[in-house]
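Taking the form predicted alone, here's one chain by itself in structure tokens.
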Amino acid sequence: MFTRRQFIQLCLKGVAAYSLSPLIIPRLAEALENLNKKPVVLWYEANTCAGNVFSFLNTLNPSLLEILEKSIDLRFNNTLMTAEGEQALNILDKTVEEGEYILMVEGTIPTRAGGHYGIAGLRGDKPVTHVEMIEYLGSKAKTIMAIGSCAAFGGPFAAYPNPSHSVSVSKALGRETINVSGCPAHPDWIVGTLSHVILFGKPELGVHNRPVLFYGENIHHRCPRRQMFEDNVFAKHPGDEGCLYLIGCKGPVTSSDCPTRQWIGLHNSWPIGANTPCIGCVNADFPEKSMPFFKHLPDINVTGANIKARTISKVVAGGTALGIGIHFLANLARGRLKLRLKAVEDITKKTQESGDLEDHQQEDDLVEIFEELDVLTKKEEDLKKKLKQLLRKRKSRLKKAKKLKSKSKSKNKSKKEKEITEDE
């Protein structure tokens, strides 16, 4: 058996070149032998394009065969199973009766018209909706994983105007889910999160209940074109060399390990590596706030303010990336503040339960947290001031440029009139 820390290190070592198999599968198989039986898993597909199950099927390391033979007892999967009708439902009923299984749900849950915009199948002559099926399967599940952005957040199915009144799995159940988002989710994100659940229980979850292990860092921070951003080398059209931020890249507001883990198995690549902008498919507001995909971000959200990206792009055109840099730093600070605030809440809750702070470590943690909150708050205020100063200077320069242009036009006009008079 290996520790949670070792597991996380193995996941991180598995990026880009060899995926997860040679590192995790042998240890996972060893751990499962100690459990005497493989954990039971149900994979249920609601309203979905099936992109996530195909992503799962295309896992190379570990292969699908390794997972099914050595890791899990997969009893239901719409795409893989040969059983259908009553035979398939009987397997579900037996599993729900036993309980303590891992439920993996792909796709969004339509709720309009009593859920009849999404039918799972028939029990006798009666149609069973996805709403009913999810409530039934979720009632005895030990852990629920929402696979893909549709299951995690609603995704394209729930985008405006959302005629089917589709919702995420967690909203449909009123229960916490481990959200493995993506359109589709990377095979390693699915297998890695499932492995963590089997071996250690729920992984550490960050923003939007996503595993920090795979969604803990902003794409922009690890982007191989980050230096181009710093040097103000921006692509003007798809296919151009340069940072893709001004033609729609959502990397600055997206968190996942795509830059290092990459896609396409042994042919490692990813959108920016293929010279196309990141579309932010792992985000909770995908696809609405990501569209149009090749348009510059419509808004930039800084804590306490909402600044138009168009304004900041003018600053970039003026020869500096400081304005956008301020946004990224503030965004980073905001994320860290949220994590720290949650830590404060957790420690406070523990303190209230115990009645005092007997553990000196808790005291130290509280002091450290509040100190960091103060530093981050001050830093954010400083960043806002710098941005305002920068925009004022830019405005002043534009005014001067306009005046110079006006004088130049006036001078040229006078000169031309003089020439005409001389000619006459």
Partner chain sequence: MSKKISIGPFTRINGLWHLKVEINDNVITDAWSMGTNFRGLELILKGRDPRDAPYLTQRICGICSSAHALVSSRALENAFNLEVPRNGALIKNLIFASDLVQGHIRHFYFFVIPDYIHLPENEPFKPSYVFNERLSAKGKERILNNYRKAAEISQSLHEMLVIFGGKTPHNHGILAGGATVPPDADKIRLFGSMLSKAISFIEEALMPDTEALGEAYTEYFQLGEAHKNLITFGMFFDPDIPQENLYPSGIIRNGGREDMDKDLINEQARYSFYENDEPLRPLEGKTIPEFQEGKPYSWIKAPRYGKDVYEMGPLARQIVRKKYNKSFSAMDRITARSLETLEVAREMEGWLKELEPGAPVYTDFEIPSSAEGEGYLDVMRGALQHSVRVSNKKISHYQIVTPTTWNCSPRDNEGQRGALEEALVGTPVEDPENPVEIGRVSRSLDVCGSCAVHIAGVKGLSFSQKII
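Positions refer to the first chain, counted from 1. In this text the structure is predicted, and so the values were computed from the model without any measurement.
Absent from the display: the form predicted together with the partner chain. The rest refers to it.
K.L.:
Just one of 153-161, 97-105, 138-146, 198-206 has heavy atoms within 4.5 Å of the partner chain in the predicted complex; which?
P.N.:
Every other range fails; the passing one is 153-161.
K.L.:
May I ask you to state whether R210 is within 4.5 Å of the partner chain in the predicted complex, using heavy atom distances?
P.N.:
Taking the distances in the predicted complex, the answer for R210 is no, it never comes within 4.5 Å of the partner chain.
K.L.:
Spell out, yes or no, whether the shortest heavy atom distance between C183 and the partner chain in the predicted complex is within 4.5 Å.
P.N.:
Taking the distances in the predicted complex, the answer for C183 is yes, it comes within 4.5 Å of the partner chain.
K.L.:
Can any non-hydrogen atom of K171 be found within 4.5 angstroms of the partner chain in the predicted complex?
P.N.:
So K171 does not count as contacting the partner chain.
K.L.:
Contact with the partner chain in the predicted complex for R175, defined as at least one heavy atom pair within 4.5 Å: yes or no?
P.N.:
The answer is no: R175 has no heavy atom within 4.5 Å of the partner chain.
K.L.:
Can all three of E45, L60 and G239 be found with a heavy atom no more than 4.5 Å from the partner chain in the predicted complex?
P.N.:
Looking in the predicted complex, the three residues E45, L60 and G239 all sit within 4.5 Å of the partner chain (heavy atoms).
K.L.:
Quick one: which residues from 115-150 get a non-hydrogen atom within 4.5 Å of the partner chain in the predicted complex?
P.N.:
The stretch 115-150, when checked against the partner chain in the predicted complex, contributes H116, Y117, G118, I119, A120, G121, L122, G124, D125, K126, P127, H130 at the 4.5 Å heavy-atom cut-off.
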